[in-house]
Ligand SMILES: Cc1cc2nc3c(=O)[nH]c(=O)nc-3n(C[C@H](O)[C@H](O)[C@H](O)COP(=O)(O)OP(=O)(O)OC[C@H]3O[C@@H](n4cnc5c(N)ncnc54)[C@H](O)[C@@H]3O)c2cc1C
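The data below hold one chain only, encoded as structure tokens and taken in the form predicted on its own.
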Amino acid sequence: MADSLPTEFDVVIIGTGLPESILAAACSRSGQRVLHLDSRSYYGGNWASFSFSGLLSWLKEYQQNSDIVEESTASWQGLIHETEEAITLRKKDESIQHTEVFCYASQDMDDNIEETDALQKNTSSVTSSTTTKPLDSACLSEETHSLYATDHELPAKGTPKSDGEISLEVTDVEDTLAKEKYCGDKTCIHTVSDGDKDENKPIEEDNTDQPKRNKITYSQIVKESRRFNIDLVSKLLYSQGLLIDLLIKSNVSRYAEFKNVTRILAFREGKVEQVPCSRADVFNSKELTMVEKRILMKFLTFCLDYEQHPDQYQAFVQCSFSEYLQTKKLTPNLQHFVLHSIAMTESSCSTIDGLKATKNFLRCLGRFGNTPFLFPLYGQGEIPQCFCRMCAVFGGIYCLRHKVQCLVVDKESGRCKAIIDHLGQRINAKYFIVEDSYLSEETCSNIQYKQISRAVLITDQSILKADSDQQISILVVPPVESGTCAVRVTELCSSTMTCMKDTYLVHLTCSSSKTAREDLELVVKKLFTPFTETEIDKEELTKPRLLWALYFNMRDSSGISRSSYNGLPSNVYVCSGPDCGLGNEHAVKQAETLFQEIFPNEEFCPPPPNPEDIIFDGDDKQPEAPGTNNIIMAKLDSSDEVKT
């Protein structure tokens, strides 16, 4: 297998997160020979999306990951010459911590589990050895995600995406249903029972005055596992943001579909209400008085070109944005809307940052809908895959489950020359791009990482009922206690292809001050009612019922300067994992900055060539016309694509 992998490349990229995938596409598009590796068995790293069974397997993998014994380094020591030294990479991923799972839905043990077992067998059957063959044309190898069908074919709406792309061992249903608990940084699974007697009793029988609600059991969630696409990181795309512009410019957008976020919500005085965004929304709102509507429109108009009126904010540059809003004659109601639902910032953020965020929100309105945001069908994890597909189209080679043991550095020049993989093969390249979580503790010893607190919830109804049950909503809950951060809540309906029918997938995100559960549980209790409590507290049925919950902390490696890493060779570049922000601006900026640093004379992700200009080997040679130097030569023989 090692002999079939070429040994010479221009760029080796380790990790398939969003910035690495964008860089892979940009490098491959500019004609570089790209090898893109990931030690995981799925694309995306901490940007990935999983089916429900895939997520359980991911949790189990992290629990087992903490027990990995350090392997011997003898297998590659002999490949290091006297004039070289090795920089070892991390053998286990430590970017996820404090995972805790709570199951509140009824666990009907009498249900037939055969369907679930079949699902597990089907999922496990796609696991295969690491692919090393070149990826030709627009099609990736059999190991890659089912997204990669053809250039123009996209998954049909309403069709569940195959679970096959998540090549992880599926957790046994019986193991998951058992009352397990792993402490420390290992996975903690807490199952909450309704009681043996009432476990299978429909709730509607005791609540005839309440609207009828379908009873969702845990076994149903497991059986409908493929209907779920659960993101590890919760983000949205600003309609005028850098990622949308890049997707359109590079034509990568043809590999994905998007839905418009339909509602911006606010949480005020214990209630969830909809925030008016557009001019029409403002004047149609029943929550605002006529005076408030005029004041709000005047302020928002000013924010659109605030740079042209420095006299209105220069005296408040040193103040917080919330203090500045108080000077603009905005009522407390309007101040809350602007701060938490339009600017979506902390109360302590500066006036300038608040004005920038408000302007960014306003300029994104109306491009694709009445809110500034888009969400990719099947989840955020689709976006890295789309850029990987573009890289493969232009000759990039992909290997999942392919570990890199070390970087080989020339002592004299201080530059990295090669990598040595887990097969003992030495692969040479000019440039190396590594995702932060792969770097060893020694390399990162001077770095103090921030953390992101995350929660993923499955609920039975929306946090704000509407005429349509297919709503995509975003809500920012102000800090519950002093010293804590605001919590961003994103609620996804089944039409986003991220959850089964009659359920909602809810993501909670904030900067960590404690464990994820400690940071987010108060907000969860304000918005939702655990399933087991609904039979006791009938008045609580006005809230959505919580069926299942996952809490975890994720490392935030954004904002770390290159100089913070110890002994990093000059031609080794580091990409960070997901940041805590709502958009993807940091990832796109980082990818473009690194690309321009490596290839200063190349255009970053230019538009694809006109298909009519592509010349295939074997076609009659035509005289080259002026200005056709950049024509892409497509090789029909895939083995030619990777020759040096």
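For clarity, every value in this text was computed on a predicted model and none was experimentally measured. When you see a residue number, it is the position in the sequence shown, counting from 1.
In what follows, reference is made to the form predicted in complex with the ligand, a form of this protein that is not presented.
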{"property": "The ligand in the model of the complex: contacting segment from 310-318, 265-273, 327-335, 297-305, heavy atom within 4.5 Å", "result": "297-305"}
{"property": "The ligand contact at Arg254 in the model of the complex, heavy atom, 4.5 Å", "result": "no"}
{"property": "Leu522: touches the ligand in the model of the complex, heavy atom cutoff 4.5 angstroms", "result": "no"}
{"property": "4.5 Å heavy atom contact, Cys277 and the ligand in the model of the complex", "result": "yes"}
{"property": "4.5 Å heavy atom contact, Tyr449 to the ligand in the model of the complex", "result": "no"}
{"property": "In the model of the complex, the residue from Ala86, Leu362, Leu79, Leu464 that sits within 4.5 Å of the ligand by heavy atoms", "result": "Leu362"}
{"property": "Single option in Cys485, Val282, Ile352, Cys444 placed near the ligand in the model of the complex, where near means a heavy atom within 4.5 Å", "result": "Val282"}
